[in-house]
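Starting off, we have a lone chain in the form predicted on its own, written out as structure tokens.
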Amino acid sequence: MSSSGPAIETRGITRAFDSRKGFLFREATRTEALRGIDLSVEQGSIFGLLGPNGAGKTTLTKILSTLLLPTSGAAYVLGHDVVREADWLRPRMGLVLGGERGLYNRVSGRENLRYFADLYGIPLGERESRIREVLGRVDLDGASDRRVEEYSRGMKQKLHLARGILHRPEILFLDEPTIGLDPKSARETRKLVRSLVADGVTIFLTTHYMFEAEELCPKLAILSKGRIVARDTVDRLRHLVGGDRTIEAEAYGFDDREVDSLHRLPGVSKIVTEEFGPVSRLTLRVRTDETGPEAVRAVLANHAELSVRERRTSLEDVYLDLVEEEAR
């Protein structure tokens, strides 16, 4: 590795976009995409970044991968400044952005990789063996000589991945790497990501798939409206939103007295009420083992058609709680 410190470190990163609208574009507007991002990512790890559309995930990824300048603040990758030392960093980075741009549709997958191998400066004597290696890792061997315009969306995403690892980067930025992939291909991609980390590569991953982040990322951050609202392990984030256990109760309406009684049960830290037509759902976050489904049923005993179930608090629960809290 190029540095013994963090693979990524940011200090107060902001990014604003200026635009004009109205008659003759006289009205200037400024959109703050990032509002003070402080982040540290260990080398040789998978770090996940979650957030709704428009939260700033892709903007941050582009800044860290030297494609976009920050408005203020500082960012270091592999111990080097992403603004002043971009030329040093780029050969050591891999980047896979979502979507279908960045590929040449009228030539084959193999020819695409030959072009990118030349851009990366891979020696001619190593080029073909390196291309065979990455095509095998993303399971495109059989389609490598077909024109990319004949590829499905998932196959194009695999080719993006192959391009991203072709030059054996020290750090790999993955923006929605499994979007468009069928379940089997998505599972193989997650297996590939884990194998890259085993080889010592640092992975910075953005994803909308909660189960994917929970499966792959020992640590993650949740981004909302340009700010990091939480950053920790999944287990600690569960505690942050009220507990590792979730109890759900459904019936035809609950009154305020019942909800107040549930709040007073031991270990209940939060209750969320949702309406689904005539059916109401109460979602309880529980910190301790003192309160279980039977205690909830006892409080709600007047409901003839009552359903109560317990499950582990999921990363999706954590995400929704934190993003909704930030939106208030």
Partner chain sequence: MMATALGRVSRSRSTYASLRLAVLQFIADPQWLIPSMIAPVVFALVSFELFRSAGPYFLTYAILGAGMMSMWGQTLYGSGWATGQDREFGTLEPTIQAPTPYLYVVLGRVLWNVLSGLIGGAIVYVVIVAFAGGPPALPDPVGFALLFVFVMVTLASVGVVFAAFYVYTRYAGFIQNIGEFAFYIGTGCMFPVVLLPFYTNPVSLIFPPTWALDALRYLSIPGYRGFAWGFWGDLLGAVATTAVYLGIAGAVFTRVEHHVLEEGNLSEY
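This one's a predicted model, so the numbers in the text were calculated from it and none came from an experiment. Numbering follows the first chain given and starts at 1.
Separately, the form predicted together with the partner chain exists; it is not shown, and the next lines address it.
Between the partner chain and the residues Asp235, Asp199, Asp182, Asp141, the one pair within 4.5 Å by heavy atoms in the predicted complex involves Asp199.
A heavy atom within 4.5 Å of the partner chain in the predicted complex is found for exactly one of Val229, Val107, Ala74, Ala186: Val107.
Listed stretches are 186-194, 121-129, 245-253, 150-158; the contact stretch with the partner chain in the predicted complex is 121-129, by a heavy atom cutoff of 4.5 Å. Taking the partner from elsewhere, Phe204 is found to have every heavy atom lying beyond 4.5 Å of the partner chain in the predicted complex. Among heavy atoms of Tyr115, some come within 4.5 Å of the partner chain in the predicted complex.
Glu176 falls outside the set of residues with a heavy atom inside 4.5 Å of the partner chain in the predicted complex. When the partner chain is considered in the predicted complex, Glu111 lines it closely, a heavy atom lying within 4.5 Å. Using a 4.5 Å cut-off on any heavy atom, the residues of 50-67 that reach the partner chain in the predicted complex are, in sequence order, Lys62, Ser65, Thr66, Leu67.
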